[in-house]
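In the form predicted on its own, a lone chain appears below as structure tokens.
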Amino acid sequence: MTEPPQRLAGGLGDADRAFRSAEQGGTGKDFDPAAVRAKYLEERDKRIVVGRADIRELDTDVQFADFRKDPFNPVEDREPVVNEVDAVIVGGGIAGVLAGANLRKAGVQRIRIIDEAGGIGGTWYWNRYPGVMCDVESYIYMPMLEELDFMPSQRYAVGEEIRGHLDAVAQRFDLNGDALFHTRVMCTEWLEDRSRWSVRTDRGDVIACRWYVLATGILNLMKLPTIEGMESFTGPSFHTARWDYEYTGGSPSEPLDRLSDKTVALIGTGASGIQCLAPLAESAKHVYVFQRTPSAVGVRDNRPTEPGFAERLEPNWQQDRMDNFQATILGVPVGADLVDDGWTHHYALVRNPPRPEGMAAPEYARSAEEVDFRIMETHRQRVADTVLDAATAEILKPQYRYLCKRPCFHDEFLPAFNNPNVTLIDCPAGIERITPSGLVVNGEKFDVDCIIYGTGFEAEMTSLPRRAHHVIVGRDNLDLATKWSGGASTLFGMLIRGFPNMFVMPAPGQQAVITVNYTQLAVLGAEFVGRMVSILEERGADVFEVSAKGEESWTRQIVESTVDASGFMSACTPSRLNFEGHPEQANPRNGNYGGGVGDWFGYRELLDRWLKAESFDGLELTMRSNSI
């Protein structure tokens, strides 16, 4: 192996020097908007390169198809299942489990979850890399805590605890027994003559169902970049969402005891890369960290759940805490910030900067920009105070507006760069190429024994037909991909004309709302599904269909309330939030109720009123022949 070179850093340009003069004291009091913008644009332009968003199509890429294989549980042979159930749920993660639990509460007897994973958990099944945990508070992220009388052991739970809890929810509502794991739905077709969906899988299953629920989640498509020569690498390589413990040794909570003589390349410094670096640094001979864009890494401040915490809670505490967090994020006044973390401090403040009465719009925009700058200065100062090597610290400082890239929260990532066996490689334009023995950046080769792709998942705004990962054919032979080729078209972001008796769990890009705490959105969607099915059963309805007027009215409302953020996002560093530097790709039809990230509380109230009215405005119902 070659000896690790000195950490790489670039020199200061004109924008850097002007920016530094605006940073004096690290407090932002000498904030110079022109200098800050120039610096941010300079950093953005380094990262706008042809092919930046290119990824491997793992469905057809023979050389890398094995990256999707399950390394945690073997695929067991079984006979094809041919039968009929009441409901099929595609996806066994948070959304799927909650949908199943609420359907069970509604009296639905035969429920079958189908998932490509080998068990319950969704993203928490696949992501078992060392150090994996949630960066949203456990007490609001892990669902049904009151119902299962369970309290997370830490403020931010590790992946194993989250996965175990989701499995416990599935067991409580008897969702495991009839589930088909290691099974991919290939095609679902509406059978008009039977008023049923026919679901076909890659295991030869043919299952008919009355209710069809898409709960595929928002981080279900593993992303693998296209890098010249990556197929030539002769050592082991894998994605963080398929961690190879056979190679590394250890477990998510134990040392990686087979890496002591190995040099490892870690590609990516997003959420996955940030969380797994410290365990790698503790175990490997050397770790090269390849970074395109630094993340804003805020304080996590994890700690054990306080003794007596549960005893002090009132009934309905989890829903109240979720609402408190959501209100704080949206700038809705609350008596006290119950969660009190980086999300409610920095993220909420940047989204809702204070505006004194009478302040004009231009002045308010400048004030908001300064608030943003001060917060980013806090992050940059944290890097400078933590990372001892000045050149490495400079590379790790995020140079963009706070909302340009999803923020992260961690306390061990930055100190890991003080280890002599960790080298940060600055590659804003990406890795030049991969060779049989390593990686090349700016003409310099880094020999490694193993490559770990911490490159995450396709963006939350990935269209529903792609996230569904199978063909869905509704009435009149219309497939969902064709219907949505020009953008989303729904009622409430959950029901789609031409696809009777089908529910889509709410998610970004499909006319619902967006939340930091995805679980709260999944809870709302699952309760809607359960309540609607219960009412339809009581009414004697056999089939529901969205009316043309209902879908057109909802879609028009979404388009008319869409906030054009392209001006802001075009100045951002490329990320999944701005389509890797192409915000013009945003489609107004894929917006949210209320505009922007959406009016969460208004959306929930609207759904509640609609269900309580039981008039089903926007739907067309077909009643059972024996119903009164």
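Computed from a predicted model, the values in this text were never measured in an experiment. Start at 1 and count along the sequence shown; that's the residue number.
Another form exists, predicted in complex with a small molecule; not displayed. Remarks below refer to it.
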query: Non-hydrogen atom contact Arg406 with the small molecule in the predicted bound form at 4.5 angstroms; finding: yes
query: The small molecule contact at Glu116 in the predicted bound form, heavy atom, 4.5 Å; finding: no
query: The small molecule contact in the predicted bound form: Tyr402, any heavy atom under 4.5 Å; finding: no
query: Residue contact check: Pro225 to the small molecule in the predicted bound form, 4.5 Å heavy atom; finding: yes
query: Per-stretch contact check against the small molecule in the predicted bound form, the hit in 74-82, 268-276, 479-487, 386-394 (non-hydrogen atom, 4.5 angstroms); finding: 268-276
query: Among the candidates Asp135, Asp341, Asp426, Asp372, the residue which, in the predicted bound form, approaches the small molecule to within 4.5 Å (heavy atoms); finding: Asp135
query: Candidate from Gly454, Pro152, Gly530, Pro500 lying within 4.5 Å of the small molecule in the predicted bound form - any heavy atom; finding: Gly454
